[in-house]
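Shown here is one chain on its own, the form predicted on its own, set out as structure tokens.
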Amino acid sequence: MAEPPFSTLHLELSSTVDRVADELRRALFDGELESGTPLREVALAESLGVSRPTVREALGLLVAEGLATREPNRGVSVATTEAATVHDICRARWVLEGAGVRCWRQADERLRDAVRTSLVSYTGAVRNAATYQELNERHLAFHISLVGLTGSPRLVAMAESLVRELKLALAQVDRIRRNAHDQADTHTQLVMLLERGDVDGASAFLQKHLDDAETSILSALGLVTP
């Protein structure tokens, strides 16, 4: 007898896998798990109160996102940030965010408003002395809004993927060395250039900003420039 349609779908298991993956991402981005930390299936399953297969699937998502690595006979561990990786992420960000900045004039007003709104959200978090995690989220959301100016959901999805990898590196950076106020001022200057119609100036400003960000991250992590 044929099985009923969709009988193989398991929404509850999928939802549990997503929740486990989300909790692991939170721990990674909050800096609770250092680079290279082994992610043992048995220990995680016991801690989170779920089955090992659920943990295994969640770890597979993190590996696919570049947040964890899987090695034969050694299992899964938190990804270790390398200089070449930071350099490549920042180079890719420039391609995406630079494209967005160059689209400022012809971008839909709704997309330009998204940039303005994300800037206000970020600077407001700075003024209100928000947590590091919230500042980091709003800071990176601003950069994604720049990519949004292209009007391409696919490019935005690519930028979001890069941000996930970057957040892992930032979680390992000494927070004392990160000056959120300077970052807020820099982002405000960038938007002011765009509002004045100086797209070329804004583009050059953004490129320097991303170059400086790369240097800062590498320096904080004690990594050698590739």
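Numbers follow the displayed sequence, beginning with 1. Keep in mind it's a predicted model, so treat the numbers as computed, not measured.
Keep in mind the form predicted together with the DNA is missing from the figure; the text below concerns it.
Interface residue among Leu67, Leu39, Leu162, Ala171, judged by heavy atoms within 4.5 Å of the DNA in the model of the complex: Leu39.
Think of it this way: in the model of the complex, the DNA has a heavy atom of just one of Met192, Val50, Met158, Val63 within 4.5 Å, and the residue is Val50. Residues within 4.5 angstroms of the DNA in the model of the complex, judged by any non-hydrogen atom, belong to 71-79 and to none of the other stretches in 115-123, 135-143, 71-79, 87-95. Proximity of Lys167 to the DNA in the model of the complex: non-hydrogen atoms within 4.5 Å are absent; the residue sits far from the partner.
Contact between Ala202 and the DNA in the model of the complex is not found at the 4.5 Å heavy atom cutoff. Contact check for Gln207: every heavy atom lies farther than 4.5 Å from the DNA in the model of the complex. Contact check for Ser216: no non-hydrogen atom falls within 4.5 Å of the DNA in the model of the complex.
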